[in-house]
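First, one chain by itself: the form predicted on its own, in structure tokens.
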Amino acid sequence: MESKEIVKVVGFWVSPYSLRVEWALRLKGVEYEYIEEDIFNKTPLLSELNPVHKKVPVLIHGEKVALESLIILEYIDETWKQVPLLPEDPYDRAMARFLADLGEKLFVNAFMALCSEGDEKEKTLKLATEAVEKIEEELKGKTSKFCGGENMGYLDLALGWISHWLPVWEEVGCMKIVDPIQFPSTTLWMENFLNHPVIKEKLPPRDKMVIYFQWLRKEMVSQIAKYGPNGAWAILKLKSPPNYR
């Protein structure tokens, strides 16, 4: 039976992890209330809902609270059965989770490449490109529009940030990770993802993203120069992607 309890999403406007939760709910036709969280001045609500990590997104479903975006996707898929996100086959499900985890590693390395310079930038760019190479191998030869077939699913939502966030990071960071010639299958998938009606109507404005990430990159580069990558992450933890996952 479909759940009729009130659904709310606590998120941050530029968080791809918050957006993937909203995309999943919209794909399944689930109505929800969105609550914007200021990650620079966190509210008592976020501390109450996620006292350990104090991160977005948070899914509120009646009296239940779900945390961590990929876990939330699975919760959504198991709660609302219409429009399945994960494959039925156990092996295919396992591979979807494996590739989603690879996407998380790509996210970290691409962001660090955006926010660093010199040897550190080259190192993280190499790691990010290697992750894209593996994704390209999985997509190569597929005739379907999305990772799991003709319908968008769990893995598409997990990797969806690549299509909209990564090009902004490439522009702001003066770098290239997804070369259309080197990665044609990934590029085609990105286009299909962005052209999906649910995605098109729920993306943060690109111009606003550019301004935000220009500011964040400037902050991170400055702190990395003073304290190194690990120190910069600690100092800027209120401003950087570790606050959403």
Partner chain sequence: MTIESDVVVVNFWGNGFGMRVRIALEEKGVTYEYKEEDLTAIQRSQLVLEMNPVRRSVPILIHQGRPVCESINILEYIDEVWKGNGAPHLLPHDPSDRAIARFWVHFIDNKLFSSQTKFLKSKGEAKEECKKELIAEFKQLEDVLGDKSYFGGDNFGFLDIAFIPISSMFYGYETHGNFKFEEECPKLSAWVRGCATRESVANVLPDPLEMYEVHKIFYGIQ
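Numbering follows the first chain given and starts at 1. Everything numeric in this text was worked out from a predicted model, so none of it was measured.
Note that the form predicted together with its partner chain isn't included here; everything after this is about it.
> Would residue 83 sit within 4.5 Å of its partner chain in the predicted bound form, counting heavy atoms only?
Outside the cut-off, so no.
> Does its partner chain come within 4.5 Å of any heavy atom of residue 126 in the predicted bound form?
Residue 126 lies outside the contact set for its partner chain.
> Hey, in the predicted bound form, does residue 170 get a heavy atom within 4.5 angstroms of its partner chain?
It does not: once its partner chain is placed as it appears in the predicted bound form, residue 170 has no heavy atom within 4.5 Å of it.
> Considering only heavy atoms, tell me if residue 136 and its partner chain come within 4.5 Å of each other in the predicted bound form.
Heavy-atom contact with its partner chain at 4.5 Å: absent for residue 136.
> Suppose contact means a heavy atom within 4.5 Å; in the predicted bound form, does that hold for all of 78, 90 and 98 with its partner chain?
Every residue of the spot touches its partner chain in the predicted bound form.
> Picking from 69-77, 108-116, 162-170, 139-147, which part of the chain touches its partner chain in the predicted bound form when contact means heavy atoms within 4.5 Å?
Looking at the partner contacts, the answer comes out as 69-77.
> Check each of 208, 200, 53, 176 and return the one that places a heavy atom within 4.5 angstroms of its partner chain in the predicted bound form.
None of the other options qualify; the answer is 53.
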